[in-house]
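Listed next as structure tokens is one chain, alone, in the form predicted alone.
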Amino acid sequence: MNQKFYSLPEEKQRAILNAGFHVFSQNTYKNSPMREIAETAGISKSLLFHYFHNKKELYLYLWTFCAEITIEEMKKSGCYQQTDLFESMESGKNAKLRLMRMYPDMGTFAVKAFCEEDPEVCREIRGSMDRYIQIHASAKLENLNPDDFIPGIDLKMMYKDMYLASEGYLWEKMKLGNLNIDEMERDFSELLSFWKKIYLKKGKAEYHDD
């Protein structure tokens, strides 16, 4: 990527990123033309190629941007430092929703990118996804107090269960073309309430409901 992209005003950078998120979220990697991304961003195709040398470079940059800005926003929210898992998840949910309001197609792009099968990009996407999941999970799990949860619970398996349920929810919404942020906020609040009831000790669950 040409470093001149970073010298652009933030508003222009965001327009290019949102254009990439939008076009790639509507099509497969192969069927997402750079011309359409440039038109959506309001710039010429030659200028887009000036900032990103080819489609793969732009695609992987968007993927990395998703992961890094999400981690950065979650750090700012304090969710990695919290010892209460569900307060941490609530903070994380709010951080992600703030980002989705700034970049409306970012969530759909991220889910589609993870499921992308084009050999030009899929191996790098899957590899980086595994690393980011490990970073995310480790940061969440290391601060947990096992005494807060029902006896004998496997905390790693519990977290994996919640993670996969969240990803399944996003995938289902994406297939239906319905990533409505306000609806997602309500649905995830209901999921968090449900998980508290099944995973926390009774006294802890009642405390959370107060």
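The numbering used is simple: start at 1 and walk along the sequence shown. Please read all numbers here as calculations on a predicted model, not as lab measurements.
The protein also exists as the form predicted together with the DNA; that form is not presented, and the subsequent description refers to it.
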- Message: Is it the case that residue 53, even though its partner is missing from this view, gets within 4.5 Å of the DNA in the predicted bound form, heavy atoms only?
- Response: yes
- Even though the DNA is not shown here, does residue 12 get within 4.5 Å of it in the predicted bound form, heavy atoms only? yes
- Item | Non-hydrogen atom contact residue 35 with the DNA in the predicted bound form at 4.5 angstroms | yes
- Taking 4.5 angstroms as the cut-off for heavy atoms, does residue 162 touch the DNA in the predicted bound form? no
- Candidate from 65, 49, 149, 171 lying within 4.5 Å of the DNA in the predicted bound form - any heavy atom: 49
- Candidate from 43, 153, 181, 144 lying within 4.5 Å of the DNA in the predicted bound form - any heavy atom: 43
- Where, among 66-74, 181-189, 163-171, 27-35, do residues come within 4.5 Å of the DNA in the predicted bound form by heavy atom distance? 27-35
